[in-house]
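Shown next as structure tokens: one chain only, the form predicted on its own.
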Amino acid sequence: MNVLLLGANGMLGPHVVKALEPHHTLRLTDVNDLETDHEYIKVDVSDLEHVVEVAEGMDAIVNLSVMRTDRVRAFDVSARGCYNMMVAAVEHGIRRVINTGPFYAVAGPTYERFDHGVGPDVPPQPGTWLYALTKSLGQEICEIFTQFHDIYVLDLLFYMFLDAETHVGEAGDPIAQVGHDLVPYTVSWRDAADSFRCALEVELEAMPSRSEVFFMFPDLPHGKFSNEKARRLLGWEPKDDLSKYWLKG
């Protein structure tokens, strides 16, 4: 399968490339320079014409692009970028799109602080954070496209990542220590990356609808959120249970 990766030079990108390269032909894009053995094209996802151009000949699009802070750029990347990606999918007849975001694009502070056993199909409650709002808006744009076109969008939502062996998380932060409380909703880099392989291999017609959202993290004892849907529909089985981080004694 020919797969276009938008935002391939971010934190998650290299892990996704490693998981997918044995199985698919990859075209990588990013707004920054990138040294890679794969085809690479410098692309700003807010540029509609360029996104449509680089999607030609692709069978699937994976959107890893992210901008968390700047108000204008966050909208351009997370919302406008999703619109441009979906226009490109329509233009080239691409039926499989994998979008990404934080879990709080759906389950914001209300769910996070008070509820347990929350699945990804609850009414969206992104809260007031810029990152959550723009990602939630992008997710909504993708869903609207699926209502009018034969395109399937699988939204994979994450939060914190770590290396299960070195305990190192995003930007090198030691977010977990053995025998101490683990930041909730944490997933290992390799399990997160493997979820993209599953999303590319699953039969689209097996999905309940053309727009489905998934929480991606292993079984954690707090039971705050549920990964049951990802296991059942994507066949995703996390290999790192991270129990060494939260078991005491």
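The first residue of the sequence shown is number 1, and the count goes up from there. Values in this document were obtained by computation on a predicted structure and should not be read as measured data.
The form predicted in complex with a small molecule is left out here; the points below concern that form.
Asker: Only one of 161, 83, 111, 75 has a non-hydrogen atom within 4.5 angstroms of the small molecule in the predicted complex; which is it?
Answerer: Going through each option in turn, the one that passes is 161.
Asker: Though the small molecule is not shown, can you say which of 126, 138, 101, 120 has a heavy atom within 4.5 Å of it in the predicted complex?
Answerer: When the small molecule is considered in the predicted complex, the option within 4.5 Å is 101.
Asker: So which of 53-61, 200-208, 220-228, 23-31 is the stretch with heavy atoms within 4.5 Å of the small molecule in the predicted complex?
Answerer: Of the options, only 23-31 has residues within 4.5 Å of the partner.
Asker: With a cut-off of 4.5 Å between heavy atoms, is residue 45 one of the residues that contacts the small molecule in the predicted complex?
Answerer: Result yes; residue 45 sits at the interface with the small molecule in the predicted complex.
Asker: Taking heavy atoms only, is residue 66 within 4.5 angstroms of the small molecule in the predicted complex?
Answerer: It does: once the small molecule is placed as it appears in the predicted complex, residue 66 has a heavy atom within 4.5 Å of it.
Asker: Heavy atoms within 4.5 Å of the small molecule in the predicted complex: does residue 145 have any?
Answerer: Close contact is absent here: in the predicted complex, residue 145 is far from the small molecule, nothing within 4.5 Å, heavy atoms only.
Asker: Please tell me whether any heavy atom belonging to residue 10 falls inside 4.5 Å of a heavy atom of the small molecule, as the geometry stands in the predicted complex.
Answerer: The answer is yes: residue 10 has a heavy atom within 4.5 Å of the small molecule.
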